[in-house]
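Form predicted on its own, single chain, as structure tokens, below.
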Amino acid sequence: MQKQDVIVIGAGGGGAVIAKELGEQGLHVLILEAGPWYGNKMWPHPNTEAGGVSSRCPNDLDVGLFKENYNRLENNMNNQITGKLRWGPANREHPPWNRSYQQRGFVWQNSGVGGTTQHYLANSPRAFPASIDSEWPLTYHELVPYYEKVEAELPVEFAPTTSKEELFYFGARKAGWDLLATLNVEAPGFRPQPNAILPPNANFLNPAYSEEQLSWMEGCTLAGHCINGCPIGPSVDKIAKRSTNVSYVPLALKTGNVEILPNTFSYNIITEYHPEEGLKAIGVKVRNTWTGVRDELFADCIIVAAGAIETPRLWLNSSLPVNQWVGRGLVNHQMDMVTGIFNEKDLLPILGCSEVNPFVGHTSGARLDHPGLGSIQTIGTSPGLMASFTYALGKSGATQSEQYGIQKGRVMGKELIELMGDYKSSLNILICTDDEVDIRNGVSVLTETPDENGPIPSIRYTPTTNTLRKKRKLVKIAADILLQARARKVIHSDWPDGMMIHIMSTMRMGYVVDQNCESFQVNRLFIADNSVLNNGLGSANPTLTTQAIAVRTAEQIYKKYF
């Protein structure tokens, strides 16, 4: 294959963004993606046939194929072993890629074009300004223009209000919290979730249109289940939930300068010593996940956007220079869940109806931010996911919390059946803690346990005492809001520490890379994923910040090397 200007490893939240920006500058960009590509004519049966080799034409995108795959059935989509959105190769005769965990829990990520944004909730808040200004080599003020560009491109809008958001706002007001009317959060308060989801279809309440007809029109239909993938829209680039495979990937292809190779696992960075530049990255060793054939690809710059687990794994398996912060400092927002169950008679005067119906609207449409502690967010998942996250994943058996007067821990048997019978009258709140960076947490590799792509990652995470203190305060705030909203019962799930969804900071800016995201030790090697975030952003969901930094990094790469 001809030498490229730039190779990007990973077609997820950061990789597709930086490829689009560089393609618009006229650079030839090759994206290497380890997983499948759903909704492309080159791969009509992505999980059963190898299909084509690469695609660079926007006309290859096919909304019919897209909708065949994203059908919102939770087991079909998010089953960790057989689901379309699992962490593993496209070929379903092969298992998911292995990882070793040093604690209970798991890392919830997707492979494929679009990466983990395929099942993300599209939550797109900015970082808390104080979490940037006090610790990053950049200021929050410097990031704002890049936030604004991504927010306009996706676009990001405030979530509409359905019953679960209205109930949350009612409880928050009764608990004494103020409404925030800003994207730049510097004080505690609640607000609609800034989401990368198109505004509601103007006709979705018009009885002249069927649900099927609405699903082929532009705009969100508040159909829920965003976490299982979104099939609402007339074309791939107009799908309502703006995962990168329907937003930045089509934009990248339209530049005419970006080519994407799915089913291509990158397992080694190729370097050479240059008499003037020193050690620099020049290429990537790859393996086709269908055929097993290995190849070497070369470019003037290499950008790694493989995620906060695989990016440090790739560095370590490539025997790049030793840096004590490579793979270290992992933060996870120390998550947890608090759930309120309501009586129908108490909901009626608040909502004007007797059910919360958590499956309606955006999966997460409201949040309360508290700089210094973290955030809490409403969550309305489909029944199976709710049963798992809300009642089955607790690390402790069911007990009564003496501190807050709420039930804590795992629920099973008859009580679980009864609680799921109240599914439509329940409201979940997700806890996202302002997690502290600790160099003892992170990713290493097990040289004695390789898979077909090299030694596998080993993940260690133990929250600090201060992180746990903050989480307890957020749990109390969430429980208070639910009780103020007249919940008859409140359950704190008590998640294990290793439940990882917001995974960040394993290749930290200022420690492993400079403020332009170029490696301190390997020239022309850049990073553009969540791993480059310097900390946990105060607890804000990380995707928007990663995308904003990717835009800035593209600008710096073009200025320095082209």
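Nothing here was measured: the structure is a model prediction, and the numbers come from that model. Position 1 is the first residue in the sequence shown; the rest follow in order.
Just so it is clear, the following notes concern the form predicted together with a small molecule, a form of the same protein that is not shown.
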property	result
Contact residue in the predicted complex, chosen from Leu32, Leu525, Leu27, Met509 - any heavy atom within 4.5 Å of the small molecule	Leu32
Ser131, Thr162, Ser426, Thr264 - the one with a heavy atom within 4.5 Å of the small molecule in the predicted complex	Thr264
Contact of Ile227 with the small molecule in the predicted complex (heavy atom, 4.5 Å)	yes
Partner contact for Thr543 in the predicted complex: the small molecule, 4.5 angstroms, heavy atom	yes
Glu310: touches the small molecule in the predicted complex, heavy atom cutoff 4.5 angstroms	yes
4.5 Å heavy atom contact, Ala90 and the small molecule in the predicted complex	no
Stretch in contact, per heavy atom within 4.5 angstroms of the small molecule in the predicted complex, of 290-298, 104-112, 184-192, 471-479	104-112
